[in-house]
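First comes one chain, alone, set out as structure tokens in the form predicted alone.
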């Protein structure tokens, strides 16, 4: 290709602004705008994600900086309640930390754990599903039986068991330093089955289609067929399932943290904050538990609605 042809090809490629405009005008975005409830869920989810990303910048205080924490300010009510202070908008917790700042950073940690665990479980599940769907035979039967056995137990129990085994097998100081990694792997271990079963079913259908048979007859390797031809066609169901699973991962992480086996108290997530607030809920300090609980409900409810809409929007049988 000549330099003129290469220059013309570069100019013909759409820029980032054109891609954004094309996405906003796409059919799926038009469907989203028509569904008011899904649109609200998308706005709430996007707002909470942006708040979590910007938490270190917008938080009024650093709750982990002992120089900004005063025990004399512990258990102060919200600013609008009697006894509240203007600088503590949502009040303080039992250690005198600003609840708004702690809540923002807790939301950030919960989302990081959820996104990391969903990404890991999707990578493992999609890989296993592709291998089982392509090779079939005894390997497929073994993988599916393992999946059936795991599905007979609640995902929370699997995550709790994996977290307990990791804490028992690893030295205490390693667990303390890698607590977030341990809980991410535990949640991912509990969630890979859904991806494996879904992708395995889609792969079985795709493998019987003409384009895969033609690629095999042309001498294309199985790995290349799986990655180049089949994987793009199973990416859609994987992303839809991942959107739905984010809410489940957030609830699982919050539950484990509430039970005291999740992230450490020095890095509180939403579940840890709810657990701390529960100790003071009936003493009149309702804000310590209510605000983290409302945030948890909002992010889970919004992502669930968004995932359900995306699953329906990408299902051709419902079109």
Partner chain sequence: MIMFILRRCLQAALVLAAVSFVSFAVFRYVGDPVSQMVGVDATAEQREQIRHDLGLDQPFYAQFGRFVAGAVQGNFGLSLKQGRPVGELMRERVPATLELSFVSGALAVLVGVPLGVVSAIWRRSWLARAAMALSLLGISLPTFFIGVVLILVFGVEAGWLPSFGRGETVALGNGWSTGLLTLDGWRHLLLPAITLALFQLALIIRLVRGEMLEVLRSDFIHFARARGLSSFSIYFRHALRNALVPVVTIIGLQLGSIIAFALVTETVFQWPGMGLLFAQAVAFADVPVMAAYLCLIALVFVTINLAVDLLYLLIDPRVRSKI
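Positions refer to the first chain, counted from 1. On a predicted model such as this, the values are computed, not experimentally measured, just so you know.
The form predicted in complex with its partner chain is left out here; the points below concern that form.
- Proximity of residue 218 to its partner chain in the predicted bound form falls outside the 4.5 Å heavy atom cutoff.
- Interface residue remark: residue 156 is counted as part of the site for its partner chain in the predicted bound form, having a heavy atom within 4.5 Å.
- Of the heavy atoms in residue 120, none are within 4.5 Å of its partner chain in the predicted bound form.
- When its partner chain is considered in the predicted bound form, residue 281 lines it closely, a heavy atom lying within 4.5 Å.
- A heavy atom within 4.5 Å of its partner chain in the predicted bound form is found for one listed residue only; from 168, 141, 86, 214, this is 168.
- Applying a 4.5 Å heavy atom cutoff to its partner chain in the predicted bound form picks out no residue from 72-86.
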